[in-house]
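Shown below, as structure tokens, is a lone chain in the form predicted alone; questions about how it binds or moves come after it.
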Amino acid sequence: MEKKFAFFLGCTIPASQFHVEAATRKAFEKLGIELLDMEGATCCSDPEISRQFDENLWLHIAARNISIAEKLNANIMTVCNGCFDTLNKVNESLKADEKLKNEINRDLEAIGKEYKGTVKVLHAIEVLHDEIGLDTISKAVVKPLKNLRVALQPGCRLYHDDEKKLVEKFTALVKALGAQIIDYPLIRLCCGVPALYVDAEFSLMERTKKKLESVQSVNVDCIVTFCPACYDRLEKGQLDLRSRGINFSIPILNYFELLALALDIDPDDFGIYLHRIPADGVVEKIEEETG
């Protein structure tokens, strides 16, 4: 098993989800995995706005970021669905197209960078499920989450790659912590982020609200996701809806927060108090189960 990965954080997590970054670092430390900081890394670049604006620029920015991991001689691990989408697609495209790769490198040479195509881009789900393994994770669990009822929010992009079976692996990773996964009708409904760029009202009322209503109907303790965009939208969306007199109080947790709790990492040490929809009930339920 590879013991180190180049840690690509993306934009949202270091900007506004500090607790997710801290939980990720602490969980991997407990599992004996070294995360290498990618100094100088930028936005992935964004798979929607940036690519639509200028696909050539999108390719260049992603190639530059990948070249940083190549210097570290480590495969990239990203904890963001959007970052994975961009970096993986660009990496595959450049490896398959020598002419395009050479064109990109002619430009990167001006800033002292070179894309070689020597590393893989892995979603954190792949690192946890395929590289570390469910058995290792299960054995590392100190506080099983047996009493916890969770709803999954895979996010749109995980459904795009059937070959990698990322949704199945996400499900297995939650089960490895002992949590109860509760099905709900609109699991495949988008959280509302893409629509937010063109119609904020539609995004809130026809996507975010409907998603939350579907989850609330099955009585869960929290929604669990890997995607920072889904996390942000489902949490902020609840606050926006409250201003209209529509009340939801469903904590949104990144998987790494659940993993950290199961590994008995103090929630204050990774900053669970930073949640805008408090997750105190989740922590209390875990403590009740484990005494």
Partner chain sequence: MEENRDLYPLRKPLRKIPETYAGAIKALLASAHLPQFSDFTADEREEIGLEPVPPTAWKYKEAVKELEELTKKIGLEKKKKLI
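Positions refer to the first chain, counted from 1. Note that the structure is predicted; figures quoted are calculated from it, not measured.
Form predicted in complex with the partner chain: not shown, discussed below.
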{"property": "Listed residue (218, 111, 142, 96) with a non-hydrogen atom within 4.5 angstroms of the partner chain in the predicted complex", "result": "111"}
{"property": "Partner-facing stretch of 23-31, 244-252, 257-265, 226-234, counted where any non-hydrogen atom is within 4.5 angstroms of the partner chain in the predicted complex", "result": "23-31"}
{"property": "Distance check, residue 269 to the partner chain in the predicted complex, heavy atom within 4.5 Å", "result": "yes"}
{"property": "Residue 14 within 4.5 Å of the partner chain in the predicted complex, heavy atoms", "result": "yes"}
{"property": "Close approach of residue 19 to the partner chain in the predicted complex, 4.5 Å, heavy atom", "result": "yes"}
{"property": "The partner chain contact at residue 89 in the predicted complex, heavy atom, 4.5 Å", "result": "yes"}
{"property": "Contact set, 56-71 vs the partner chain in the predicted complex - heavy atom within 4.5 angstroms", "result": "56, 57, 58, 59, 60, 61, 64"}
